[in-house]
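Below, in structure tokens: the form predicted on its own, a single chain.
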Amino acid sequence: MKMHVKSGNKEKSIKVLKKEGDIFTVSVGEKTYELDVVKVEEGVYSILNNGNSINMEMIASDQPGNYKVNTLYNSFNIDVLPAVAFSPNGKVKKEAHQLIKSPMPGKIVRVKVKVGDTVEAGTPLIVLSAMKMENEIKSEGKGTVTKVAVKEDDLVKDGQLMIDIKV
């Protein structure tokens, strides 16, 4: 599973490298962490990293993919950015086609576009339910939908093609 998370003017690429039970091995930018993540209750998680414990509350906003995160000492907003092809430096690739791939395994809740639709940057394309959160996948640029490879209630794998947009 790979995603880009933005908070203020900071943006990081996060990738789950391995998951065994509650133990997640993740890369955040250039650093790798082993995290013991336990869901305490809906939206509340306990995270253990190298003996340091962090309790985190994630509150979804009205906009899918946008969350307010509270810890004991900090509070901040994050945006989980849509799954598009990113170059190694984290910038969105400019291609003839924008291939919208699933950022993680999940279930398609809603498909908001159809073949032939014209989309702009930020147009909602799909709502994906993963890890008990709904993520709205949006277009990164202007184009025309040429293929919708999924339908509502489909289960998708990490990296699976969902929508092809000709730019």
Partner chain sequence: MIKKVLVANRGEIAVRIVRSCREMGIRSVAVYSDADRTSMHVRYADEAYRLGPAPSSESYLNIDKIISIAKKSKADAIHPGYGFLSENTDFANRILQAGLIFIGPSAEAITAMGDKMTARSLMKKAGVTIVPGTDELPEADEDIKKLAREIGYPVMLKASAGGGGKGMRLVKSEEDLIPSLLRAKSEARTAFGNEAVYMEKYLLEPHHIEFQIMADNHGHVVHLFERECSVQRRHQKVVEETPSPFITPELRAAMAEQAIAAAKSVNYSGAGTVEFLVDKDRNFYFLEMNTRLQVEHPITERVTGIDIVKAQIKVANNEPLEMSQNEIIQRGHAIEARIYAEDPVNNFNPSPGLIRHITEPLGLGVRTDGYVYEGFEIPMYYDPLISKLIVWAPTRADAIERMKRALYEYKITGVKTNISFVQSIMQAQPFVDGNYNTHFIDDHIDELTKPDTSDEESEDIAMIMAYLDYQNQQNKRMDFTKKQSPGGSNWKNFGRLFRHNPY
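Treat the numbers as computed from the prediction; the structure is a model and nothing was measured. Positions refer to the first chain, counted from 1.
Omitted from view is the form predicted in complex with the partner chain, to which the following refers.
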Since only the chain is shown here, I'm wondering whether Val115 would be in contact with the partner chain in the predicted complex (any heavy atom pair within 4.5 Å).
no
Does the partner chain get within 4.5 angstroms of any non-hydrogen atom of Val111 in the predicted complex?
no
Any non-hydrogen atom of Ala149 within 4.5 angstroms of the partner chain in the predicted complex
no
Lys142: heavy atom within 4.5 Å of the partner chain in the predicted complex?
no
Across 122-159, which residues bring a heavy atom to within 4.5 Å of the partner chain in the predicted complex?
Ala130, Met131, Lys132, Met133, Glu134, Asn135, Glu136, Leu155, Asp158
Work out whether the Cα atoms of Asn9 and Gly159 come closer together or move farther apart in the predicted complex than they are in this form, the change being 3 angstroms or more.
closer
